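In the form predicted alone, a lone chain appears below as structure tokens.
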């Protein structure tokens, strides 16, 4: 039952204030997305129209056709999916094992030292690492190779995955593993059959953050690749910036194409993502 008296106008004012703030936040968040989609449907002439049009007067999919027919964006997209998917999968496997060790066996001062050294690589600026990384990959013949980027992205994702998954594993009672081992399971089997299924929401949340970071990575992809056979989507999009002109319509279309895989993946695992972000918040 709604309250009567002096409280009602105050509640309405608070409700309208919250609604206005939500609408403002949505406008600020979605306006760039709308403008990107809108620009991708315009011709090059309409993109530079003054004043700018709020919507495409003559919508066209020519920018998308040019991307896949003339600019070979499909190759860059496929490279990104292969490289990012492999790197995230490898980092989840290796990082989960490292996080399990930190959560179960690293105690006291040892845990503090290991936590620091696990996170230390994330503190180093990428510009300071690009030269040694380039020389190492060049020595092993992995420049302009998908495998080279997979190894680099896996190495940079490992600290983040280990740090995230450690907190999720700490929330799982040790008694469950001990009960499985009493029934005859080994430590590795109990980890696979008991711990990982319970930490699935954490794996999903960690994989999404790792996927976004890796999918959008540009610096190492630009330095370590120079041919379409191994370059990723951010590098292919940057190639649309020419010396004499910038193809804004095609760049906007490339942004839409790049956003689709991440949005689809996030929608598919949305339920697990919410559980993963709140896991351990309530005992």
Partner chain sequence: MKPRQMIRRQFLKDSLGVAAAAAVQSLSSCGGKRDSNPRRQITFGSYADPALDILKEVFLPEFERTIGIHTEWVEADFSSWLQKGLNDGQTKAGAFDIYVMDDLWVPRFAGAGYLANLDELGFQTDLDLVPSAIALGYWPPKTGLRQPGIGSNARSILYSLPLISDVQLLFYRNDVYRHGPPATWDEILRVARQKSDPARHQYGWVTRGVKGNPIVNSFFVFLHSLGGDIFGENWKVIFNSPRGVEALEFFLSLVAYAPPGVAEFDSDQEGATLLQGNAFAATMWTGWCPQTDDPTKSRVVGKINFDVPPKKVNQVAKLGLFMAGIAASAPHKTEALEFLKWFSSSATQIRFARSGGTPFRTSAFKDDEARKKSRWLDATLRALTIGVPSPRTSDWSKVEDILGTELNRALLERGRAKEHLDSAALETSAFLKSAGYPVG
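Predicted model only: the values in this text are computed from it and were never measured. Positions refer to the first chain, counted from 1.
The form predicted in complex with its partner chain is left out here; the points below concern that form.
message = Taking its partner chain as it sits in the model of the complex, is residue 267 in contact with it (heavy atom to heavy atom, 4.5 Å or less)?
response = Yes.
message = Under a 4.5 Å heavy atom criterion, is residue 141 part of the interface with its partner chain in the model of the complex?
response = It does: once its partner chain is placed as it appears in the model of the complex, residue 141 has a heavy atom within 4.5 Å of it.
query = Is the gap between residue 225 and its partner chain in the model of the complex 4.5 Å or less for some heavy atom pair?
reply = Taking the distances in the model of the complex, the answer for residue 225 is yes, it comes within 4.5 Å of its partner chain.
inquiry  = Residue-level contact is defined here as any heavy atom of the residue lying within 4.5 Å of its partner chain in the model of the complex; does residue 68 satisfy this criterion?
reply    = Judged by the heavy-atom cut-off of 4.5 Å, residue 68 is well away from its partner chain in the model of the complex.
request  = Go through 208, 114, 82, 94 and name the one with a heavy atom inside 4.5 Å of its partner chain in the model of the complex.
outcome  = Of 208, 114, 82, 94, the residue with a heavy atom within 4.5 Å of its partner chain in the model of the complex is 82.
request  = Counting non-hydrogen atoms within 4.5 angstroms of its partner chain in the model of the complex, say which of 174, 89, 124, 119 makes the cut.
outcome  = Selected option: 89.
ask   = Thinking of 134, 241 and 246 as the candidate spot, does its partner chain come within 4.5 Å of a heavy atom on all of them in the model of the complex?
value = The answer is yes; 134, 241 and 246 each reach its partner chain.
inquiry  = Where, within 18-44, is there a heavy atom within 4.5 Å of its partner chain in the model of the complex? Residue list please.
reply    = Result: 43, 44.
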